[in-house]
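Shown next as structure tokens: one chain only, the form predicted on its own.
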């Protein structure tokens, strides 16, 4: 006889239900995740060219490696994996559902004789008396007990942990939910950045690759930016921004954000990411005429020439918050009346008397400096995050149910054997057989003790 050839739909169904396909897809997802970790995603083109070269950058673009998680081939792998999970679940779920809806109340001889966990006793009591006692014991040790009668025999059935059979399917559903949440986030969400100068406001942000402006639908203003440094260094200790959310001219939210403490409004989150100088610094300078002793205070902007008496002028050319642990300092020069550029020198805010020793026509003291800063914000919107969290919760619940619990079943068959009652007990579990064997031994001892106690009472 020739083996029956499967139809094309059957072959397609078997392909999508194949465990080999599952393993291959998991390996592909693991491999592509490694690629996505090693190659930075959605960086500017110049970064890839500088690190990998022009030829490799063009290859990465063709292979969609620089935006891998949005690539057609990666989405295709996820889609195929989703179909594989759904088909496997549809194929195997009816069997698990049958255990729940139609449990085997009457075991066959194969279970009673061939089970790895079985025991047999005899009792002088009737079947009904034994059934009543053992029903109470099983209800206490296992759970709800069902009594059945067939062909003059009484059968007791008890089970525990039936829902653990659904753990694998809950895990399958959770994976699909997580992927659905990721898809929702990728389609309707975004990751972007924006730089806001102190005192200014924005209503748009730039996508991560810096090419696409995204409207926020509201305005964000930075009222103040502050940075503190570790003692005697330029290393930032902490930096934060005072942000205000405005909508239709009305203040909606105000918050001082810092690293790991973002602001969230209408599903859009603003993370403190970076900072830097914005434009020229402003200085308050006291100028002393060394000949007459007269002083005046002027405001100077970095790079701007400020007029002094008798045709002189000066300009601040550089500034630092901490010059060699001496504190704030500015570099400047003085121009003579005929426009000759003087040699640059440094004035320290914490040591105003130092410049007097320079011996110039004027001496200078730095009274204060204000360097406008911008705050760099990472901006993210992910409407699928709650869906992903739901999937993660179900995944933990499903995994615990599937791997740490098992479906335990106990059958008791009671039949007449002369003047006595023959008692046969069998049990099995679909997982953790060694653990169930220990539990069955304990149950067996309790059943035996129950039978002996009743015999003593009657005696």
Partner chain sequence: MDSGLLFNLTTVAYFASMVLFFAYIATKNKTVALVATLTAFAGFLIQTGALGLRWYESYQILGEDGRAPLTNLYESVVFFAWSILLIYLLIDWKYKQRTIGAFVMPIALFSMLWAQMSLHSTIDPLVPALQSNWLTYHVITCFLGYAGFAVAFGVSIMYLLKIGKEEKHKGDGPIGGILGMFPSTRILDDLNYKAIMIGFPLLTLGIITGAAWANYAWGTYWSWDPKETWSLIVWFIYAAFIHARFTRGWVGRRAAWLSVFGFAATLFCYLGVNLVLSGLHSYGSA
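Owing to the predicted nature of the structure, the values given are computational and were not obtained by experimental measurement. Positions refer to the first chain, counted from 1.
There is another form of this protein, the form predicted in complex with its partner chain, and it is not shown here; the text below is about that form.
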(Q) So, residue 351 and its partner chain: in the model of the complex, are they within 4.5 Å at any heavy atom pair? (A) no
Q. Using 4.5 Å between non-hydrogen atoms, is residue 33 touching its partner chain in the model of the complex?
A. yes
Q) With a 4.5 Å heavy atom cut-off, would you call residue 226 a contact of its partner chain in the model of the complex? A) no
(Q) in the model of the complex, does residue 56 come within 4.5 Å of its partner chain, counting heavy atoms only? (A) no
Q | Proximity to its partner chain in the model of the complex, single hit among 380, 156, 330, 222 (heavy atom within 4.5 Å) | A | 380
Q.
Using a 4.5 Å heavy atom cut-off, which residue among 149, 238, 294, 321 comes into contact with its partner chain in the model of the complex?
A. 238
Q: Can you check 414-422, 56-64, 43-51, 400-408 and let me know which stretch has heavy atoms within 4.5 Å of its partner chain in the model of the complex?
A: 400-408
(Q) Heavy atom within 4.5 Å of its partner chain in the model of the complex: which residues of 156-191 meet that condition, in order? (A) 172, 175, 181, 182, 191
